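Form predicted on its own, single chain, as structure tokens, below.
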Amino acid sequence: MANDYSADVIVVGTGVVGCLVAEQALDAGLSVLMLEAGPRVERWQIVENYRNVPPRFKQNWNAPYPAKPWAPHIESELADATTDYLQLEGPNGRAYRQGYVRYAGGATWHWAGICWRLHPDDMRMKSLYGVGRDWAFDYNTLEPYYTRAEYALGVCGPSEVELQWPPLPRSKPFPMGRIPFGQGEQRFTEAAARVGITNLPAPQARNSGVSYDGRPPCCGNNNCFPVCPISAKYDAASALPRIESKGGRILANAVVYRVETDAKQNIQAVHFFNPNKETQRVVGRLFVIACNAIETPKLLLMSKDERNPNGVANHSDQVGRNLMDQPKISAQMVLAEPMWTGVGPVQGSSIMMTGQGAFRSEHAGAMLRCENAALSAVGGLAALSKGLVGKALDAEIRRLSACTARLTIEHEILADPNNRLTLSDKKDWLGLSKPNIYYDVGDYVRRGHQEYTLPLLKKLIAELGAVESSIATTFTNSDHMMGSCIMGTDPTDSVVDVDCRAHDHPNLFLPGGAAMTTGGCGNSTITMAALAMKASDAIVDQLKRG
């Protein structure tokens, strides 16, 4: 079989982690080839797709990203689409219905841009609280990589230490100042203060009032979900062309289905299908798999051979285990006075202090926030359901659009080996196994919600002056996929080392959310990006040493 493609570094996956690793390697003078299962698209195409989405799917952020037959993902709220690709089971299977995108650029297309760092205590759960696992290194080790990631992505944030999270000294300030609160988030901040908790401005990979890295300032379109229409936010449409300008090659519609090892357990090649179901082989010196916490373990498990009967990198039997997200509960309400959410980015703040405390030995903490997305569609549909017509209907649409608000709680979850991805006996369009996921949020989260976060949520709803409210009773996904290739120093109970290098294969790296040991309750992306930076240093050093 001919080798059609080769490079020093082969990167499978073109999301934020893959892009950061690729760019760091290119800057070090290495050749890079990236492979992506899905198509390459332009920003205008996604904007146009969103404009043409039926109204009932406007709140589904994957709807403008129709899945290709060879690279399926969840794209609608329809039940048959939910079960078509991800096979979900367990007490809370629904809570792992992740909305990732198999397009070039991955979830950077529709992420919120939020960049909360972990708190140092989040990395010492076993030592401090006797639950979960400790990271293999401490916060101070990760801090310089956080800073590098923030400058690579272009993160804006507050200059005041008391408004930062964690409230600790930083090695460098944020590249840009914070984005001011809109009216809705300001009102939420004041209500939280009356309850005795602090709502913080969120650091965001979005330009605040200035241009940065060729991107324009945010002008508050409030369309970060499902796509930033002007590229003020870091995403694939700005990252991928920059990688190509530095000499990187990007191969779209290339579904990698096998990782090939040699007798010394080095990775020799990856194999991929193109949309015509033709197979090709890619060789390199070093391989990076950065496909997220679902597609990465799926690929490793599909690659079993006689030397690796449980799958590549899986002598510990930990590949696919310890899946994490941040189980979410949302509340919707109608206020007596207008809230006017929708001014500025879709997320701009969160209450982080509720994730910390001695209670973590007993139950989960959580992040609470006010959704800043415009809820005119929700209010409009509610008005239409009342059977009104004419001026009465128009007035009710206007009232509910302004007065409807949504609060969200995202709980921390502990790594549990029983929360696991395995290969389904059902096959996709290419004949590859679909991912099967067992998921239970566990009593730690359930206790946290019943005893701690639900009472807090009810206080906030009352303090905001709600006249109607409903609180969801089932956990849903936050799209913060973590675990499945967990990090550790013991090769018998972890998959990767402190640099995200596979214990079993010296030239295989698995950086990003899959390697995270704990996730805290904040968004996971900047920690994934920091791990990508740390892995990049190890990759460059390893290849330079030969």
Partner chain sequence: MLLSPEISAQTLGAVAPEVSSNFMDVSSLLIDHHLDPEVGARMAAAMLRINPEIAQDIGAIIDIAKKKNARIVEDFFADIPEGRLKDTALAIISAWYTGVVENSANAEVFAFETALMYQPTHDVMTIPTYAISGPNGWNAEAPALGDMPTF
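Given the structure is predicted, the values throughout are model-derived calculations rather than measurements. Numbering follows the first chain given and starts at 1.
Note that the form predicted together with the partner chain isn't included here; everything after this is about it.
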Consider L421 of the chain shown here, and say whether it contacts the partner chain in the predicted bound form, taking contact as heavy atoms within 4.5 Å.
no
Give a yes/no on whether T341 approaches the partner chain to within 4.5 Å in the predicted bound form, heavy atoms considered.
yes
In the predicted bound form, does P54 have a heavy atom within 4.5 Å of the partner chain?
yes
Wondering, does V101 line up within 4.5 Å of the partner chain in the predicted bound form on heavy atoms?
no
Please pick out the stretch from 135-143, 158-166, 205-213, 362-370 that is in contact with the partner chain in the predicted bound form, where contact means heavy atoms within 4.5 Å.
205-213
Going by heavy atom distances of 4.5 angstroms or less, which of V283, L384, A472, V334 would be at the interface with the partner chain in the predicted bound form?
L384
Could you check which residue among E89, D394, D305, E463 gets a heavy atom within 4.5 Å of the partner chain in the predicted bound form?
D394
Quick check: do R178, P229 and L375 each get a heavy atom within 4.5 Å of the partner chain in the predicted bound form?
yes
Let me know which residues along 220-249 have a heavy atom within 4.5 Å of the partner chain in the predicted bound form, or say none if there are none.
G220, N221, N222, N223, P229
